[in-house]
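Read the single chain below, which is given as structure tokens and is the form predicted on its own.
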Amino acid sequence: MQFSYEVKDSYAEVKSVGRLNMVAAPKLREVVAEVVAAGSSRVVVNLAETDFMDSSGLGALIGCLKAARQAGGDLRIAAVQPQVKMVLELTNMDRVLTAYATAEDAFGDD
């Protein structure tokens, strides 16, 4: 699993490549914490290249959402793949983590 991030004008985009599972979940938390600590509390996690997520990955996303909100911002997800979408829907977390088509769309209205 690889993570990278880029700070844009009004948000930071974290790109996730690979499987978001119990091995990768702590790294996602670490990367988002680093982004928030650097002053970007509005975060988009781009899941375009993440084709699998388990409960650990879901827990990491929720933890990251909490961290961003505690910093006065928000966390949104974009480009969700079918298996990841299924996990979100089965757990009803799609109501908390709204998926956007692209990273640009996530904070496009704000």
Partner chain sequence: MTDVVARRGYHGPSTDEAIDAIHNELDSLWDDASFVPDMDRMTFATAVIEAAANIVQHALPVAEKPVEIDVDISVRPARLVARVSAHNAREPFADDMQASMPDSEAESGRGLALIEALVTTVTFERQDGTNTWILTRET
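Residue numbers count along the first chain shown, from 1. These numbers were taken from a predicted model, which means no experiment stands behind them.
What comes next is about the form predicted in complex with its partner chain, which is not displayed.
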property	result
The single option of 58, 79, 68, 31 touching its partner chain in the predicted bound form, heavy atom within 4.5 Å	58
is_contact(residue 14, its partner chain) in the predicted bound form, heavy atom dist at most 4.5 Å	no
Touches its partner chain in the predicted bound form: residue 54 (any heavy atom, 4.5 Å)	yes
Contact label in the predicted bound form: residue 93 to its partner chain, heavy atom within 4.5 Å	yes
Partner contact for residue 102 in the predicted bound form: its partner chain, 4.5 angstroms, heavy atom	no
Contacts with its partner chain in the predicted bound form, stretch 7-39 (heavy atom within 4.5 Å)	19, 21, 22, 23, 29
